[in-house]
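Okay, so here's just one chain, in structure tokens, the form predicted on its own.
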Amino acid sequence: MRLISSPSTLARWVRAALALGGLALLTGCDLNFWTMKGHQSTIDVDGPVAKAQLHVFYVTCWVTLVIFLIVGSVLAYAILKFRARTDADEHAEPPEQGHGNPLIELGLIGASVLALVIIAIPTIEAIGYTYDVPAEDKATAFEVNATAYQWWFKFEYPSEQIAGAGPLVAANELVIPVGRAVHINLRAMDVIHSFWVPKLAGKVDMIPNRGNFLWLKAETPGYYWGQCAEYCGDSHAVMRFRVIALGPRDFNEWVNRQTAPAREVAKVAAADQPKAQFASYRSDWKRNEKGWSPEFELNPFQGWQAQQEPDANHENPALIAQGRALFQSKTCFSCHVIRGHMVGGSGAYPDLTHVGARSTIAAGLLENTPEQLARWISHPDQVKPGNKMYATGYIPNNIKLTPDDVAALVAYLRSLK
């Protein structure tokens, strides 16, 4: 049988290949696509767990590449040797068949077993290494409890206790010390989720009523993007989180700030108190519009660092006080904790004691800027469809916010560094 019967057939194949190549260029024009150094790259990794998993991936790739080259070479040889060269060849008797050769079959079986062994050895080693914190790191391992909800992550630090308030709690941003193994206990409160920080460790499921865990270590200070990797409902795709790795001194300073009560903005005498000036924010956000600036995407770690210090020179105490009163009158405190400002809150919703110091809001979906915070407060149902802040807060409590209300709440929440 002739495989390529005419030049026109070859031309069609070439055009199809060029079309596929053009599609790849259009869909992968981002430089990160080609360098494989995107925010959630599993190739550009940091830490021993991710490196061990990457080693297994490379071994598997090399073995399969060798198999591909061998099979491809044999296929190419057969195509070239036995192709139809003339019209008469199309009707010729097929050549003598060589199937059923025991030596070839035994050789193929042996080669397949060898390939599996080559892949299995590093795989078994990596499974044992990545399963739990190595013995040499057990004594200094840092422990964190991670709990998944629809659709956000709560992080508890059992070793960092707050007098009368239990362990330190953070939402959607896990801050860890550099150079220390971190043992993370994984729990889920509603449906199955999955914890995944591609540059630090692989995926591990978070299953209701079943404890699970993983460990990871960051070797250098940095900012890592995480994601729920198990479909868990309407807003699964926007259930994100961040891991921020800090040096020992910076980490201790962060813990000290986080364990303190919510920041109080200096009160101004009534005679000197400025009139509340309300900011104007966009109201025409598109449902899927990007939630962060190019500057933040380029250097998110620097953006996180900039969020830690209060900007007292641009704060309006009167507007902040009005936002604090609104936070209580709109019953926001019935779900969210703000230690030191008001009693209330529930562990099933994010702790907002230091929300102003976070680099992201809405579970890593939006950059923590005044504009994006106003967007989240005004349209939580559009930003994250099905979220409980809207379904169990805004709707049953008939919460309506004017533009001035939003501006005051933004000023108050931004002051909570």
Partner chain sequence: MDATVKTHFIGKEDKAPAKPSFVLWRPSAKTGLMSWLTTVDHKKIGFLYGSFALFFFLVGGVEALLIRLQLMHPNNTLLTAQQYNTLFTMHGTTMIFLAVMPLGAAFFNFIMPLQIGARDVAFPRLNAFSLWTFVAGAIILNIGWFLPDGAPDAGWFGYAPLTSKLYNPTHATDFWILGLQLLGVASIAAALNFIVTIINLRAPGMTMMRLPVFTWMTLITSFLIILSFPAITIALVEVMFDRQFGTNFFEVSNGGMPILWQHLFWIFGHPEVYILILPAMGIVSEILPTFSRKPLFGYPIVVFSGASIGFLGFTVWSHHMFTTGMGTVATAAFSLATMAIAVPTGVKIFNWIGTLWGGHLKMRTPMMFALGFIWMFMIGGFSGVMHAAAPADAQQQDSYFVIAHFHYVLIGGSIFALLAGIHYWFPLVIGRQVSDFWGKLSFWVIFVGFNVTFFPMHFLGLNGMPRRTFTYDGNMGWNTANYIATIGALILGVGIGLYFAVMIYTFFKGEKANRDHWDGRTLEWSLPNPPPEYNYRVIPTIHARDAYWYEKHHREEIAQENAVHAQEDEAHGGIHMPYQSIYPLVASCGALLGGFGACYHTLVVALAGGLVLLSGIYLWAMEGAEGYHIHLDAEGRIVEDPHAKH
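Positions refer to the first chain, counted from 1. Small disclaimer: the values here were computed from a predicted structure and weren't measured.
Keep in mind that the form predicted together with its partner chain is not shown, yet the notes after this line are about it.
Look at the candidate spot formed by Asp137, Ala312 and His379 and say whether its partner chain comes within 4.5 Å of a heavy atom in all three of them in the model of the complex. Answer is no for this spot.
Within 4.5 Å, heavy atoms only, which of Ala141, Leu326, Ala237, Ala260 is in contact with its partner chain in the model of the complex? In short, Ala237.
Identify which of Gly345, Gly202, Pro177, Gly303 has a heavy atom within 4.5 Å of its partner chain in the model of the complex; exactly one of them does. It is Gly202 that has a heavy atom within 4.5 Å of the partner.
Could you confirm whether Leu116 comes within 4.5 Å of its partner chain in the model of the complex, counting heavy atoms only? Yes, Leu116 lies within 4.5 Å of its partner chain in the model of the complex.
Using 4.5 Å between non-hydrogen atoms, is Glu219 touching its partner chain in the model of the complex? No.
Is it the case that Trp254, even though its partner is missing from this view, gets within 4.5 Å of its partner chain in the model of the complex, heavy atoms only? Trp254 lies outside the contact set for its partner chain.
Counting only non-hydrogen atoms and a 4.5 angstroms cut-off, does Gln322 reach its partner chain in the model of the complex? The answer is no: Gln322 has no heavy atom within 4.5 Å of its partner chain.
Answer range among 335-343, 303-311, 243-251, 205-213 for contact with its partner chain, defined in the model of the complex as heavy atoms within 4.5 Å: In the other structure, the partner sits against 205-213.
Mind listing which residues of 125-155 have a heavy atom within 4.5 Å of its partner chain in the model of the complex? The stretch 125-155, when checked against its partner chain in the model of the complex, contributes Ala126, Ile127, Gly128, Tyr131, Gln150 at the 4.5 Å heavy-atom cut-off.
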